[in-house]
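Starting off, we have a lone chain in the form predicted on its own, written out as structure tokens.
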Amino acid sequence: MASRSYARSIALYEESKRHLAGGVSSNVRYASAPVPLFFERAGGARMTDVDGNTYIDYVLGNGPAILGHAPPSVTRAVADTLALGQTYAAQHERELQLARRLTGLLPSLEVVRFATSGTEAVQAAMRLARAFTGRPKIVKFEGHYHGWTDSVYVSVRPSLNEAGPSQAPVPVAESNGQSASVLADLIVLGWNDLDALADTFARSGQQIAGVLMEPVLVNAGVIPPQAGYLQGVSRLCREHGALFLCDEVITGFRLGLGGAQALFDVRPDITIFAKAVAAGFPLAVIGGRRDVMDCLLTGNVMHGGTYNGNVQSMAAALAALDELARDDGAVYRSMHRQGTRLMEGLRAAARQHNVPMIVQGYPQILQTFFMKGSPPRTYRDVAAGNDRDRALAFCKALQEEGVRVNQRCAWFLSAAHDDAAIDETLAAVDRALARL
């Protein structure tokens, strides 16, 4: 296949750097070659850039577009509300309707609050945990991403030289300009190690307000929890009076209507949702136990936001949940079928080309690693074993073949990825692996 032209994206990026800091509005978007690409439209499972290159998209806006780009039922629902206004700084009925729907879907959600982004919703959850327990510290885990704010952008992708011993990780700030004082409020551990958490509670339990984690370690490689791990974490939190804070920003409504907590039969004290819940529109949800959430009313715990509960995001989420629930979850059965085909096809292509590639995760969200041996179960397994250069070369080769995945080689599926899209993708994978 002839090399694609990116001339227009290159020109726009050079112009953009004169007016946007760094030329982008999120540092994550730097990770494209040859420059951060500019797109002009997206529909279903496909996107088209300003140079006319079309891609089968497995980035999906980093996960939100679970129904595909511009799903008609959602865009219609939003369009119907545009003339009604956008943000009232007051309550409206759609907000109540969505809250009622969510609390009916997930047993762990006795009450909810709405926010705009997962990052800010995590901050609210941590504040609630500290207020409810009267304790200062939050346990978080290496490789888990909970937003870019000072208080949690710690040990997300630390170098193994900085991270310290695996049994006693050193908290590592990930950005220049972070306040060093936040490190004292966190205890960083390795994930999937229940003994390490039990030991930490034994030593410092009276200081721990909550344990915060992704229930599936998506941000370090879609690593599943070990059997019984999440239940063990929940038990330890109950025994020591701490709260279990579950970050389902990615897994929520992607792994099923009940998210990871339904899949693994666990009931967090507080859960954070975002991304897929509104199928591409900005919305986050904080929900959980009524006695904890009531601190927002009776415990002098501040949570605010001008755009919280805005009309269009409420309409989008209600329409998205209708689609996800339709025909007893037919969308999930379709994604499971197509994602399973994709995973099996990726493994078969790797064997055919004699490339050491591990494919793991779930049909709705999966990961490809360039490494030998067993699938990784911790962040450190990935950091030590994955051939990052080869992974980036694979992403670039896929882009040239018309398939878009993110630079971590994570693949998001949507309801719009049909047989034709999977067939085209696997043919492109075959050609891309041949390049390697």
Ligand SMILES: Cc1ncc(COP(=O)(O)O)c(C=O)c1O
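For every residue, the number given is its place in the sequence shown, counted from 1. Everything numeric in this text was worked out from a predicted model, so none of it was measured.
Quick note: we don't show the form predicted together with this ligand, though the next part is all about it.
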- Task: Quick one: from Asn308, Ser334, Thr340, Ser117, grab the residue that has a heavy atom within 4.5 Å of this ligand in the predicted bound form.
- Result: Ser117
- Query: Since exactly one of Val211, Ile250, Ala279, Ala129 fits, which has a heavy atom within 4.5 Å of this ligand in the predicted bound form?
  - Reply: Ile250
- Report whether the minimum heavy atom distance between His146 and this ligand in the predicted bound form is within 4.5 Å. yes
- Item | Exercise: Asn219 in contact with this ligand in the predicted bound form, heavy atom 4.5 Å | yes
- Message: I'd like to know whether Lys140 contacts this ligand in the predicted bound form, with contact meaning heavy atoms within 4.5 angstroms.
- Response: no
- Consider Lys275 of the chain shown here, and say whether it contacts this ligand in the predicted bound form, taking contact as heavy atoms within 4.5 Å. yes
- Since the chain is shown here on its own, which stretch among 241 to 249, 178 to 186, 318 to 326, 70 to 78 would lie within 4.5 Å of this ligand in the predicted bound form, judged by heavy atoms? 241 to 249
